[in-house]
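One chain follows as structure tokens, the form predicted alone.
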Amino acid sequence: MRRKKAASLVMMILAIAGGILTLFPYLWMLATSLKSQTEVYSSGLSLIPHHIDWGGFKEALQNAPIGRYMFNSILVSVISTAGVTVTSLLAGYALSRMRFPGRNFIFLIILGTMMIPHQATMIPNYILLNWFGWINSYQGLIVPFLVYPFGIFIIRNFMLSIPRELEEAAMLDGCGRLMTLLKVILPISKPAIATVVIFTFTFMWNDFFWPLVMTNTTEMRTMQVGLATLKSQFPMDWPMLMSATVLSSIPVFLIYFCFQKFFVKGIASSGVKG
């Protein structure tokens, strides 16, 4: 009994230490955003400001169109996430609940696309979108990311665990394929959908290179590109840079907290863990 308690105590200490190490960069960023320029260089890695100074936030909003960057990122991330959720649901349902020749082969092809690095597809995508005339446009930022193979993988694996009797009972009651998906399968699949939403939104929000390549005006820049531009203009103004970074992290935290209660269940059910 004592050994079990000692082991639990050690595990708890290790978990707390890991949590502190994980949170430290964000806490330092938050503390730095509330410090003055002088205090940043005199207080080192202190996480508690001696005097709360909101000047960094004011400078960030004055020196860069943060609102425009934020609007572009939210628009691109939300539409892309909605598109990925719809395409993943339809593809996942077809690959898990419908029987047709080549179903497993199609799924293997989708899995194969997950092995291709994002950077390897940039040049072909850029040439294609340039041919469409979508450079420096929302279409160019959104359309290439409306299908996410990992989302299909998550949804398909989750739907395989749903008893087929539920679907058959709905069809006996007169539901077609679409109504069965919307009224029976969709409510059960909330954990998997939440997982796809969190992964997709975070990926789109944090994406830097594709928006940098596709946009060439300030009005079309996303938050991550705007932060890089701000850093190149004011490399030593840490309070302002950290303030802008704190603002950019808020939407991701909101999405996570809204869907986190489904997140662990979705990961476990889809077989991604281990």
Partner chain sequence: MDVVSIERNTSISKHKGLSGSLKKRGYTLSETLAGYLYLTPVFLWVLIFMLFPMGYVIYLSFYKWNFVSSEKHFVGLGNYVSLLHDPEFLGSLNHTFEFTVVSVLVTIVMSLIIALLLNQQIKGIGILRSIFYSPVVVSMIAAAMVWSFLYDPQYGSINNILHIMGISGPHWLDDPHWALISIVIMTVWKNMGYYAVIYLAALQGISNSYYEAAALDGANRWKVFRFITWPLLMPATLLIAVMGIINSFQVFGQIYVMTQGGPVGSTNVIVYYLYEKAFQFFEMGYASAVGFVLFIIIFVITLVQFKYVDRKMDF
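Residue numbers count along the first chain shown, from 1. Note that the coordinates shown come from a computational prediction; the quantities given were computed from them, not determined experimentally.
There is another form of the same protein, the form predicted in complex with the partner chain; it is not shown, and what comes next is about it.
Q: With the partner left out here, check for me: in the predicted complex, does some heavy atom of A192 sit within 4.5 Å of the partner chain?
A: Contact check for A192: no, nothing within 4.5 Å of the partner chain in the predicted complex.
Q: Decide whether I152 counts as a contact residue for the partner chain in the predicted complex under a heavy atom distance cut-off of 4.5 Å.
A: Yes, contact at 4.5 Å.
Q: Would F57 count as touching the partner chain in the predicted complex under a 4.5 Å heavy atom rule?
A: No, no contact at 4.5 Å.
Q: Is R68 close enough to the partner chain in the predicted complex to count, meaning some heavy atom within 4.5 Å?
A: R68: no, not in contact with the partner chain in the predicted complex.
Q: With the partner chain left out of view, which of N63, T218, Q233, N206 would have a heavy atom within 4.5 Å of it in the predicted complex?
A: Exactly one listed residue reaches within 4.5 Å, namely N206.
Q: Ok, L75, I162, M122, A169: which has a heavy atom sitting within 4.5 Å of the partner chain in the predicted complex?
A: Of L75, I162, M122, A169, the residue with a heavy atom within 4.5 Å of the partner chain in the predicted complex is M122.
Q: May I ask you to list the residues of 218-232 that have any heavy atom within 4.5 angstroms of the partner chain in the predicted complex, in sequence order?
A: Going through 218-232 in order - heavy atoms within 4.5 Å of the partner chain in the predicted complex - the hits are Q224, L227, A228, K231.
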